[in-house]
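Okay, here we've got a single chain as structure tokens, the form predicted on its own, with questions on binding and movement later.
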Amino acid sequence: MNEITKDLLEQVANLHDIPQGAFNIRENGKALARQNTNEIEIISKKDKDGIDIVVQPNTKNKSVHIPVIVSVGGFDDLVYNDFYIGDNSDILIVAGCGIHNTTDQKSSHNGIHTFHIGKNCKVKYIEKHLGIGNNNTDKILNPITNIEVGENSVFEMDTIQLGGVSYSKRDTSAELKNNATLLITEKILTTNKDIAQTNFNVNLFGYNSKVEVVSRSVAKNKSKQSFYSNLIGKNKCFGHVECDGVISESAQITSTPKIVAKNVDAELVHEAAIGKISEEQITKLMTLGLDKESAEQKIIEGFLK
């Protein structure tokens, strides 16, 4: 494992040591390392690139880490990962992709993740994206996430993309059964001429199902972002979407929240706000000794926490 790979592992998956539990590390289209446990098995697919992650019922307080590293130019990666979470499980899943590209050829990673969540489960899923290297070379990340949340289960999803990704298109679809809960938090920072697109489509089929989507984004320089959400309430349910964006210079953000109620007991709410950094906040921090650039950076860091 080279030094670039080690550095990316720390930045993408926040792993200073190989975690206790199951993990699968992929670099430039090839498996680099893998570990299974008695409760969690990772199996390579036979018909295409990707893995099946099988979590046995009643698995508690365990984790799975599946970082992906792309460290060469001119490489397009595509993987299909399926997660099968047994009933009554409580588990943390960390998936991250880092592209380190110092060449003049674009590199990309496309991950298609499908979650099959059983009954009475609690799953937290953290996904981090990072691009470093030549600022003039495209680093492309296009995650697709499909989620089936079983009865009485909670699926919490944190997605983070804080710079260096030239283009990203995130598509997330979910179906919720009775008393299922989906909690999504998104944080995105774009700079230069980066483009980021986010699409959330959630079907609330189940009785007393619930979804909350919170997006925080900052667009700087000439970057562009678009946020689209579509909540469909087909039963007694609750759905809430909140999208807050901050722009500076010549950046652009477009927010399109959509809600569709198909049941008289469906309660759906959306909120969207886009604006610039308050001059009053900047002035206040400058009186404490910070220059304008440092003050703006502090405000952005606080906004994206």
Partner chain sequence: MIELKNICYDAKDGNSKEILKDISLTFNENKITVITGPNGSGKSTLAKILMGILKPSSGEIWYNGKNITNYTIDQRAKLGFSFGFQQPITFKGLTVKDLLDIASNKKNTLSVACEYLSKVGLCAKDYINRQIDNKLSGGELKRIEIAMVLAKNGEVNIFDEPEAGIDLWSFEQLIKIFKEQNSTSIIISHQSKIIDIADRVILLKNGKVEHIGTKEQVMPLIEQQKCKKLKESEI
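Just so you know, these numbers come straight off a predicted model, no measurement behind them. Residue numbers count along the first chain shown, from 1.
Missing here is the form predicted in complex with the partner chain; even so, the following discussion is about that form.
Only one of 37-45, 24-32, 275-283, 50-58 lies within 4.5 Å of the partner chain in the model of the complex by heavy atoms, and it is 275-283. Not displayed here, the partner chain is approached by E242 to within 4.5 Å at the level of heavy atoms in the model of the complex.
Taking the partner from the other structure, the partner chain in the model of the complex has a heavy atom within 4.5 Å of a heavy atom of R216. Residues of 273-305 lying near the partner chain in the model of the complex, listed in sequence order, are E280, Q281, T283, K284, L285, M286, T287, L288, G289, L290, D291, K298, I299, G302, F303, K305, the criterion being any heavy atom within 4.5 Å.
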